[in-house]
Structures are given as C-alpha cells and as structure tokens.
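Given next, in structure tokens, is a single chain: the form predicted on its own.
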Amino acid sequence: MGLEEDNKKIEESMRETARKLLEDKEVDAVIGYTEGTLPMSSMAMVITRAEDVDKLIWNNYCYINLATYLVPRIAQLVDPEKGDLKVGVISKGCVGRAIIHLKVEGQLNLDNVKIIGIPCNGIIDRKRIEKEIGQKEILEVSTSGNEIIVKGRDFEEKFAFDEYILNVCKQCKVKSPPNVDDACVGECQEIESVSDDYSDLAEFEALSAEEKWNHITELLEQCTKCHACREACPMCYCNLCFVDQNKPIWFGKTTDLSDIIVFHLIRSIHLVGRCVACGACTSVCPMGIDLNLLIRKVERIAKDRFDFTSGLSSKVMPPMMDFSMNDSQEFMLEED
C-alpha cells in the first residue's frame, strides 16, 4: 500500500471515530489537524460539531503534538458554565504518550480526555527538504508510492520517504497510542515496555569528550534562541520557564553561543524521562536544527538506569518524581 492509500485509510477511520464521539456526546470537542497555509505544513483545529469532521486531515506533515493544547487548556476547551470540556484528541503514538505522561505529572484528568488513536506512518523532515531545495519556492508537495514529490515554478525533485522522515520517526517503537485506563479509542495498542537499541547514538558515543563537545557546538551554533522548541514541546508547560526567570538569573539571555548551549543542555536535563519523541521541537526550528541528539542521549540514560519509557503507563512514576532504595548511587563516593 502506497502512502496516499495508507493516509486515506487512516483519515477515514479517524473521522469516523471523531464523528461517533461527537454524535454520542462522549466529547464536547475534538482537537485534530487541518490543512496548513503553506506546502508541507498543517495546523491544529478544534471542532465541536459532527458535521465538521471532514475538515480533519491526516498526512505526513502533521508534526504538531496536540497535547500542547491541553496544558494549559486553550480558551476553546473551557466553557464559562461547564468548566473544562471533555475533549477528543487525534493521537499518533507520541501524542498519546504525551497525554498519558501529563496525567502522571498531575496536569490533566484522563476522565476528560479521549485519545483517538491513529497508526502514524512517519512525519516528513520538512526543514531538511527545505534546506536541500535552497532558495527556490516550493509551490506543491505530493506523495507517490514511497516518494515525496516537491514542485516549484521551474523544478521538480523527488525524495525517498523512508530517508526523509524525522530521525525520531525512524527510531519510533510506538506508532499508535498505548491503551491506558481505557482512555484510547480507535487504533490503540497494549504495550508495557519498549526495547530500543539506540543505534542512532553509536557514532556520537564513540567520540571523545572533546569531539562530543565540538559536535554539540557545531550543532547549536546556528540557534537564534527563539524558544520555538520550548513552545512546541508538550512537556514545557511551566508557568515561568527557567529561561525567563530573573530572580535568580540562571544564565545570560543573549544569543552568545555559550548562553545558547546552556539553554539547550538545561532543557535537555529537564526532559529526562519525560520526552515522548514526537520531534515537534525539530519540526518547528526555523534554523533546521535536529535537537534529537541531546534528548535521545539523556533518554538513554533514563532507560539504562531506571528502565523507564515515558507515556506508557499512568501508574508508574517517572524517575525524576520517584525513588527506589535500589537506585544507583555511584555519585556518592567514600573518601580515601
């Protein structure tokens, strides 16, 4: 089955599930994706009527993690009289994981959320394609078989889909949402653990400490510190981010490389055992920086030390919110 047929099947099933939830009054609203204003883009939309479900779409540019609209809830999801509305969320695997993990962190009530599961077949790395196209204007994008076809006024280029999806999608082991607390309808899966070989980190981990630092520096030197990655991340929900604090000031607020690196390193640490590998941070970066490396590295540490994967259970606490007497304590060294 080609990408077009695959996406059409996912879209039809998704719409039917959303329609039934709205008609049966199981939800007051559904958050999903609709066409973007530019090629290789999509937008989030909220519908409250069953007759509007045909506005919902699914394609390989639906990079937004829709869980970001739940914490804090946007105005469209709150009624002055009823309070928080019951909401259905179109959820690929990583969106479902984000919703489940937000529940674990006490940020939402799963009784008010229906995870409308779909089997994600990968999100295209649009920034990488834009970089390779260069200054030429992209007017039309389509898929045929396993190829992405990009057209402009005087050019047409083809890209292999399997090669040009996000790196996190290449490594993804949770394509559809985990079925937790019976909150998932549609395409869901029973999953208790994830086996990840982290082979994508092998080249980086083989470097010396100096080479690793040079690699990270080269990766981040184009960053303008626009904070788009933070805004797109479903786990960056703090009312006051450490970046914006002035008492105390954690680091400089300039675009000097040292401040940029500190920002990304601290943000990565804040995501230990919390990242759901949605790739939204990479997708929204205006400079096309793949932030996957830093996050994957700290996620591996959480997996190796605590055997924890975020968003698979509503009962298991993440490592930074819990402890065990058997936790490794090699940082506590006896004096000679």
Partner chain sequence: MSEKILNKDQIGKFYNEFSDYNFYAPVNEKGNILFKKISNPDEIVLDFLNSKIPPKSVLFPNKEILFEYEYEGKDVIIKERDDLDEKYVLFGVRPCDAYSFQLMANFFSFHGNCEDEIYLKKKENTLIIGMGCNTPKQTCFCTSVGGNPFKKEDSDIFLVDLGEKYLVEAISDKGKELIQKMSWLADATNADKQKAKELAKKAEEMITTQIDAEKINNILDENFKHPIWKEVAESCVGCGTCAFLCPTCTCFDVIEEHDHYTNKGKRIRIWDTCQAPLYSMETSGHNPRPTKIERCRNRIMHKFSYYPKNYDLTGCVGCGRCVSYCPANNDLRSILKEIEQIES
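Source: prediction; values computed, not measured. Numbering follows the first chain given and starts at 1.
Keep in mind that the form predicted in complex with its partner chain is missing from the display, and what follows is about it.
Here the chain stands alone, but in the model of the complex its contact with its partner chain, taken as any heavy atom within 4.5 Å, falls in 239 to 247 among 184 to 192, 165 to 173, 142 to 150, 239 to 247. Looking at residue 86, you'd find every heavy atom of it more than 4.5 angstroms from its partner chain in the model of the complex. The closest non-hydrogen atom of residue 59 lies beyond 4.5 Å of its partner chain in the model of the complex.
At a distance threshold of 4.5 angstroms between non-hydrogen atoms, residue 109 is out of contact with its partner chain in the model of the complex.
Contact annotation for residue 69: at least one heavy atom lies within 4.5 Å of its partner chain in the model of the complex.
Checking 157, 196, 200, 256 for any heavy atom within 4.5 Å of its partner chain in the model of the complex turns up a single hit: 256. Contact check for 37, 44 and 226: all three have a heavy atom within 4.5 Å of its partner chain in the model of the complex.
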